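Take a look at this single chain, the form predicted alone, given in structure tokens.
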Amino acid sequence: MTASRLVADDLCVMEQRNGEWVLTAAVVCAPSRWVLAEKLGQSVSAIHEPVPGYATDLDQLVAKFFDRLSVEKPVWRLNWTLVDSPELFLWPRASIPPRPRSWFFRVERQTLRRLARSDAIVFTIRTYVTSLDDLLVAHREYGANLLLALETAPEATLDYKGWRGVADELRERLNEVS
């Protein structure tokens, strides 16, 4: 609890149990459409079960990555999505409205580090949100890359993320901004 008061990031502790990495402790203030109480005590595989392709494409890679993470070399990564709200705390919902009034670009800066004494892994998440319109004005070049990502996303990902039709909206906005 003290650590969560000293940093702005969400904190998750993963421990290896019965050959699987399990979420054993956490303070999460900015979840993206999930509930901590439902994830606590679950394996990384179970936590990511709803994610399209995770079980077939990423599960074993993530497990190996966690196994090989060393105390001396913490790592970081970025994760992004488009959401229909600027709120940091996003409750789960059955679906995203088909045409939200606004879209927001949400980025998570995640770090992973193994703890020397316990061998647990601390996973931190720092969330940033900006409106898609502000992003396109400030960084026009991101629009084309984002459009490509939306147009090439697998169908299951479009459904999971609620991105159906977003590529068309983005194309219209890019034309307006140019």
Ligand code: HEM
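Residue indices: 1-based, along the sequence shown. Predicted, not measured: the structure shown is a model, and the values here were computed from it.
One more form of this protein, predicted together with this ligand, exists but is not displayed; see below.
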Three residues, Cys12, Leu23 and Phe65; all within 4.5 Å of this ligand in the predicted complex via heavy atoms? yes
Work out which of Leu148, Val137, Leu115, Val51 lies within 4.5 Å of this ligand in the predicted complex, going by heavy atoms. Val51
When the contact criterion is heavy atoms within 4.5 Å, does Ala120 count as touching this ligand in the predicted complex? no
With the partner left out here, check for me: in the predicted complex, does some heavy atom of Ala55 sit within 4.5 Å of this ligand? no
Does Ser102 reach this ligand in the predicted complex, with heavy atoms at most 4.5 Å apart? no
Should Tyr142 be counted as a contact of this ligand in the predicted complex, where contact means heavy atoms within 4.5 Å? no
Contact check, 147-170 vs this ligand in the predicted complex, heavy atom within 4.5 Å, ordered by sequence, gives Tyr160, Lys161
